[in-house]
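Just the one chain here, the form predicted alone, laid out as structure tokens.
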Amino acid sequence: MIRRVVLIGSGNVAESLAQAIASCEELTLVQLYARNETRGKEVAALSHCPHTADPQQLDPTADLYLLSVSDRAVEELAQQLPIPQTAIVAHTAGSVALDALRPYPHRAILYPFQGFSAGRRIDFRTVPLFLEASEEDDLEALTAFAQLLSHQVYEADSARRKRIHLAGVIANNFVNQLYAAATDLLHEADLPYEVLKPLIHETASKAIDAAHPALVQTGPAKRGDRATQEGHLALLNDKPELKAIYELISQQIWETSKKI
């Protein structure tokens, strides 16, 4: 059983995880380890647990050592930290394989499928968690642990998790970048971002309520309204990258709408 946890990292994911673990009565966040001492102390204070930046002071009594660090830092830290061989060692990266934790016999992954931002508290019970482990017993223990944090827990090997991560980048990072581009267009018309917010809210709400987002698609590309699209493209002549994005996505919307 996993009851005592050491969390390694101080980024946005670590901040949310630390608070979720600390708020669970069945779990104890024993310690937070982070090389960034200033940020580490901030995250530790939010979750009311001790912090250390010294690897030699890593608490040796935890059942789970959870590496919530950048993808490129997972393997490096796994090889450097004095983690007991009897404990489960897991990372939270969406695109890093289980073998990155190769020094340890009890390897696992707990990937939270959500976008996290510093200072923004998320109800972790709603966050889908995708799990993988090198041993069946470890997977059972990790599943029981994850179910204390979230109502949505799934198994996912590396191949499946890569697709999940890709879907998240498109739905989160790409869509947010388009929000930013739309906001810049409004600013050019001397209009504030607030004008866009009701549209963003309604579009997201419809997509959430629908069986599939394609079923609630609207706009000139779905209608095949080339005249309107040509007018839009003309306005983007001085923004070649955004113009190319407009053309590609419009074509994909049109092709998708023909299949429904």
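None of these values were measured; they are calculated from a predicted model. One-based numbering along the sequence shown.
Just so you know, the form predicted in complex with a further copy of the same chain exists too; it's not on screen, but the next bit is about it.
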query	finding
Selected contact from Leu139, Ala182, Leu81, Ala97, since only one has a non-hydrogen atom within 4.5 angstroms of a further copy of the same chain in the model of the complex	Ala182
Interface residue in the model of the complex among Gln57, Thr38, Ser205, Thr61, criterion: non-hydrogen atom within 4.5 angstroms of a further copy of the same chain	Ser205
Touches a further copy of the same chain in the model of the complex: Ala171 (any heavy atom, 4.5 Å)	yes
Exercise: Ser16 in contact with a further copy of the same chain in the model of the complex, heavy atom 4.5 Å	no
4.5 Å heavy atom contact, His187 to a further copy of the same chain in the model of the complex	yes
Proximity of Cys24 to a further copy of the same chain in the model of the complex, heavy atoms at 4.5 Å	no
Interface segment, criterion being heavy atoms within 4.5 Å of a further copy of the same chain in the model of the complex, picked from 119-127, 101-109, 141-149, 84-92	119-127
Partner contacts in the model of the complex for 195-220 (non-hydrogen atom within 4.5 angstroms of a further copy of the same chain)	Val195, Leu196, Lys197, Pro198, Leu199, Ile200, His201, Glu202, Thr203, Ala204, Ser205, Lys206, Ala207, Ile208, Asp209, Ala210, Ala211, His212, Pro213, Ala214, Val216, Gln217, Thr218, Gly219, Pro220
